[in-house]
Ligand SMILES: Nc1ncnc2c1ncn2[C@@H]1O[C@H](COP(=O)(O)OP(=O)(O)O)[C@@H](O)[C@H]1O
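Only one chain is included here, represented as structure tokens and corresponding to the form predicted on its own.
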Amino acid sequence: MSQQGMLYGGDEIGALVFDPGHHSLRVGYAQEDTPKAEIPAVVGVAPDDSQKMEPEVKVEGSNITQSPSAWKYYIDTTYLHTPRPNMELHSYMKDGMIENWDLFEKVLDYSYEKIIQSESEYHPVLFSESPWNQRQKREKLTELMFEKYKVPAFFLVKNAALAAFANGRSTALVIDSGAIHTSAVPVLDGYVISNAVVKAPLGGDYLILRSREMLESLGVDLTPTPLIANKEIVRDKEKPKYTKKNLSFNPANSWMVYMVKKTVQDFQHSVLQVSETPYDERIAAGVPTVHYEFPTGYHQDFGPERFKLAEGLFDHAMLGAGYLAATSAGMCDVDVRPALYSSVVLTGGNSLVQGFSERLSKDLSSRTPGSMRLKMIAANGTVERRFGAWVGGSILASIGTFQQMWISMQEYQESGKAQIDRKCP
């Protein structure tokens, strides 16, 4: 077993950390403080026309169009943002879990080839997963990593536990506000208390939807950057003057939806803000406005709307982040609650909306029993917040004591994929 030392304990070979989400897949080396790449969680699929050009393929037979190799896959921002004829965009995630395994494999292939640029059999792999991931999906991922990618070792950890580690806690109440939902997950000594997990379907996508409705009602043209050839400078609130790119085809609907979403997302990052107290038109009107220019060149100031939109994450009595946190803590054992309330960890890209953590802190303290000490932990850096689970995985996979936890290839060959539930609770 002389290899063991080389594979796990050694510094020469870095473990890899994969953190899949609905917005993107974060991938990189353990021990680093940021992921090497963030790959959008959608894949462009288009018919591959190049095959018809090659004469030797034609001889093979006429049913080329039906063969699976006649599809071309486009992965990562640069390729996705270029309009192509008949390119449809598909997500491989559903409800926080991997749904379309074929597309997911394409993204993994891309990660190893273009980002890691190294063979998969040299690197142990740590994957994050959602707290409600299903057993058969965990087994399928284990099988995929050992059988197809021949990884030397593998491990699965709940993303909430990783986000807690990233903030230096093994016990915490993790509030994760991501693309499709916001969840409250209690973590005790590094393990998720799964029967106290609470989630609500309000996340970044919900905000994008509301922002888009508002912008469209104002008559703002949301044509995305890749379709604009050039634009002129116009005055505030004036109709934009721009030339559209001359394309010989109409981009697929799924591509347009995705690109408009990206445009709105940028608007959201720059403009939206959560007010510290429940939304009040008078107070909001007194706050300075924010100026924003759209890809078409149209620009204007945004005032109270900024707060009104962001309020959507908090104003639902049963779905607001504060309510989720209090409910989740209330479902845990009485002895555990003080420890949870004293380290409430905030993570997820959606939590970066300005003022989110201050408002959550206020909301939560109004629901916290007076005897409890409430402490909110929200990393200041955008990286730590957006990639909380990834950063936690990077820390965990590089700790010496963790090295004996991996499921090794040998263990997998001896006892199969079913042991994932025992080894990675």
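None of these values were measured; they are calculated from a predicted model. Heads up: residue numbers just count along the shown sequence, starting at 1.
Missing here is the form predicted together with the ligand; even so, the following discussion is about that form.
Engineer: Just to confirm the contact call: exactly one of 22-30, 372-380, 357-365, 396-404 touches the ligand in the model of the complex at a 4.5 Å heavy atom cutoff, so which is it?
Structural biologist: The contacting stretch here is 22-30.
Engineer: May I ask you to choose, among Leu103, Ala179, Met87, Val344, the residue with a heavy atom within 4.5 Å of the ligand in the model of the complex?
Structural biologist: Exactly one residue meets the criterion: Ala179.
Engineer: Of these, Gln268, Ser111, Ser275, Thr142, which has a heavy atom no more than 4.5 Å from the ligand in the model of the complex?
Structural biologist: Contact with the ligand in the model of the complex is made by Gln268 alone.
Engineer: Should Val198 be classed as touching the ligand in the model of the complex when contacts are defined as heavy atoms within 4.5 Å?
Structural biologist: Contact check for Val198: no, nothing within 4.5 Å of the ligand in the model of the complex.
Engineer: Does any part of Ala310 reach within 4.5 Å of the ligand in the model of the complex? Heavy atoms only, please.
Structural biologist: Contact with the ligand, no.
Engineer: Though only this chain appears here, would Val353 touch the ligand in the model of the complex if you measure heavy atom gaps against 4.5 Å?
Structural biologist: The answer is yes: Val353 has a heavy atom within 4.5 Å of the ligand.
Engineer: Using heavy atoms and a 4.5 Å limit, would one call Gly204 a contact residue for the ligand in the model of the complex?
Structural biologist: Gly204: yes, in contact with the ligand in the model of the complex.
Engineer: Residue by residue through 307-324, tell me which have a non-hydrogen atom within 4.5 angstroms of the ligand in the model of the complex.
Structural biologist: Result: empty, none.
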